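Quick setup: one chain, the form predicted alone, written in structure tokens, and binding and motion questions come after.
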């Protein structure tokens, strides 16, 4: 990012208690941030707004899973083998850098993450890229894959290896056998989670945009791919700015300004479930304060799309000319549940009842244990179980001379004639199906940063320069600041009483009697407090207070008995400040 807003936001965030690098007393550790009093509340408010829209309003469940999980979970999910970033090491100073980021920063290539490793090496040489720290040329240096997982041990001694989760999703997937019971074994159902994830980033940067400990808000929506359809009619008129893959690949490609419904009809959005959640997310981002003129949905290029994702779109925001990801919307098919079924002893399916019983063909196996026993020893039973699962899920695997199955990370080839494979016709009342998964995954920290950066304003008030945050009352850390005009003649006691009454009515209140009244206004403006209430002599004499609005700095007088109701209406959007001004003038 350039200087400008980003640097000013980082400085304001540190000075006013939004967020700052952790462990400063010990020199700090890159990629770890502490949320101060203002930031912690702002972050909580963003999370509450997400929970309200994506969990409560959609009727989904919420869970809170552990952040440490055993190694087999990530063997099944593929994170141990495929959760990598590109690393290049400087031969002079020894610093490690994200190779794709170096390419993006110093070339016209926007999505180097989707470029193969060997091509990134060529781009580094072609563009004469150098180490950002010491200026040494990086041409000829190998670009290697670096796994981002944080490893740990569970228990003492010969302990069980484990990892800090790199995403909250696996904590939902591994509990599917129990969660489906809470959903009464009925599809579709969704499970949400807001929590910490950990990624050992090669080069954390841009404040809380790229960190090693992050907060995610994820929804895993389990659906029957043959029957369940999203309620697209609810979002079909939502206007969106789309950046499809084919437009990105054009020399002068551009955005598609359209509605969700039109994008589905024209085949731009090919998955209805992804389309639905883009339509839900667009107004939500507007609701929490993202500038929608600097917001888009970008489709993943083929090279950057996860192997399990049939389609994936990112919500992206722009700050100082740079675009970065806020959320991903992926159709993960049955990849996750199938993988955990293969690697565990649990069933990751649901029983789907037919309207009427019907005759169907069923693939069966009757493994020759006299062959499997001597051939595979103690693994023979697991191989037999794996053959049974394979027959249920992938009948075509039995078309060749050998059948390959996997158990505990090892592959075993079994001659077809030793599997006892056959197909029989039976009457069934239903079938076990593996649900597909639709996943909207939100980065909370990046959303918080964007909300602050997009809310940052500068103007001039009474001949003085002012900076303030134009935060929506729903997410602002404080709803109202309460001040006594002066700390005497009972004004301070009355102001404290009013602050306490407002807190009892559910308002987030800060009390401030330090310094000149103008300076107190400026402090609250800078942390985004929408309204300030001043207690003065007229309060003591006539029972009214001054209410000031942050953005315009306009003021009006409101009776104390109407204050809480007025602030509630303003906070909830039921009244505008202009309407309050008109009502005051009428009186």
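Numbering follows the first chain given and starts at 1. All values reported here derive from a predicted model rather than from experimental measurement.
One more form of this protein, predicted in complex with adenosine-5'-triphosphate, exists but is not displayed; see below.
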property: Close approach of residue 279 to adenosine-5'-triphosphate in the predicted complex, 4.5 Å, heavy atom; result: no
property: Contact label in the predicted complex: residue 328 to adenosine-5'-triphosphate, heavy atom within 4.5 Å; result: yes
property: In the predicted complex, residue 340 touching adenosine-5'-triphosphate (heavy atom, 4.5 Å); result: no
property: is_contact(residue 258, adenosine-5'-triphosphate) in the predicted complex, heavy atom dist at most 4.5 Å; result: no
property: Region of this chain that lies against adenosine-5'-triphosphate in the predicted complex, out of 220-228, 200-208, 458-466, 472-480 [heavy atom, 4.5 Å]; result: 200-208
property: Residue among 322, 388, 113, 121 with a heavy atom within 4.5 Å of adenosine-5'-triphosphate in the predicted complex; result: 113
property: The unique member of 435, 367, 289, 443 whose heavy atoms fall within 4.5 Å of adenosine-5'-triphosphate in the predicted complex; result: 443
property: adenosine-5'-triphosphate in the predicted complex - contacting residues of 213-247, heavy atom within 4.5 Å; result: 214, 216
